[in-house]
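This document starts with one chain, in the form predicted on its own, laid out as structure tokens.
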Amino acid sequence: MARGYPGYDVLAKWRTPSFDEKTREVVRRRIAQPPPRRFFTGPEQQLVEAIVARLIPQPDRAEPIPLAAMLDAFMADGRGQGYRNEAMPPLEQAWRLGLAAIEAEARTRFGRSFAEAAPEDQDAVLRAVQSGEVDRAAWRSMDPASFFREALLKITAGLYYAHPAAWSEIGFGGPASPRGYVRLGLDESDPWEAREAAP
């Protein structure tokens, strides 16, 4: 993945006014080794690892952001999204049902588990879920496209961009607290923000 901010590392600001002890503690938890699996079963975790590898590939990272482990911790902690889509079951149930349905779709289409399927077959299954063109029986009353959009994609992308490695990748200057951002107009930036490399 080509970076627009070569050499930028948001954590180089660790001992500057961009971070105070509270923000450093939050960031420490995000970059620490993820805790052991607590929510997903072993087979579910293997499936989640395969799915997130297709949703947000990280081929250029020496140390990929541990999305599957972060997702397991997110679910185990029961943090939720701050809202609930009334057309979907509670998040924990939605994930268990959605994962089982994705696995069933892969087995129906390709005769093998999602994790064992070829990358192009995995992509075909995920595109089918995204468009809702799947065997609806496995999904019961949950809409597959809603699960893809509201749970699978939003949460995975949110966790990815909550990690400081992704912050550096997009030139994000770090938490707004304690320093804050002052220059908020179009094409304005504060002196401590990253500068995008010329194309």
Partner chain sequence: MTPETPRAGDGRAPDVFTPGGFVPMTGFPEREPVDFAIVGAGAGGATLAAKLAEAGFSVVVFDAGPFWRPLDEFASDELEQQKLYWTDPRITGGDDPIALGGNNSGRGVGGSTIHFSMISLRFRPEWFKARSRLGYAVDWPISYEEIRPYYAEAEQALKVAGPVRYPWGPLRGPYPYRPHEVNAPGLVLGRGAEKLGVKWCATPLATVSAPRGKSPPCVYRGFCNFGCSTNAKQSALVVWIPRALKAGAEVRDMAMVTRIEIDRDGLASGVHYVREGESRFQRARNVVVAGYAIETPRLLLNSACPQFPDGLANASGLVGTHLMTHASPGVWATFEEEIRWYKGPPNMAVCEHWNYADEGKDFAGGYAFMSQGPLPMAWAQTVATSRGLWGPALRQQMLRYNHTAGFAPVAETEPRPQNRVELAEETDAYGLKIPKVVFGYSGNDRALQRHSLRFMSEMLEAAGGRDLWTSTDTSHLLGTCRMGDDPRTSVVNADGRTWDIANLWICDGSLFPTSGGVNPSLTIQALACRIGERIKTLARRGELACAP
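Numbering follows the first chain given and starts at 1. These numbers come from a predicted model, not from an experiment. Only the largest set of C-alpha atoms that superpose within 1.5 Å between the two forms is called the rigid core.
Here the subject shifts to the form predicted in complex with the partner chain, a form of this protein not shown in this document.
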| property | result |
| --- | --- |
| Every residue of 22, 29 and 175 near the partner chain in the model of the complex, heavy atom within 4.5 Å | yes |
| The partner chain contact at residue 81 in the model of the complex, heavy atom, 4.5 Å | yes |
| Partner proximity in the model of the complex: residue 63 to the partner chain, non-hydrogen atom cutoff 4.5 Å | no |
| 4.5 angstroms heavy atom contact with the partner chain in the model of the complex for residue 153 | yes |
| Touches the partner chain in the model of the complex: residue 184 (any heavy atom, 4.5 Å) | yes |
| Neighbours of the partner chain in the model of the complex among 159-173 [non-hydrogen atom within 4.5 angstroms] | 159, 160, 161, 162, 167, 169, 170, 171, 172, 173 |
| Core superposition between this form and the one not shown, C-alpha change of residue 190 at least 2 Å | yes |
| Cα displacement of residue 23 between this form and the one not shown reaching 2 Å, rigid core superposed | no |
| Shift of residue 176 between this form and the one not shown at or above 2 Å (CA, core fit) | yes |
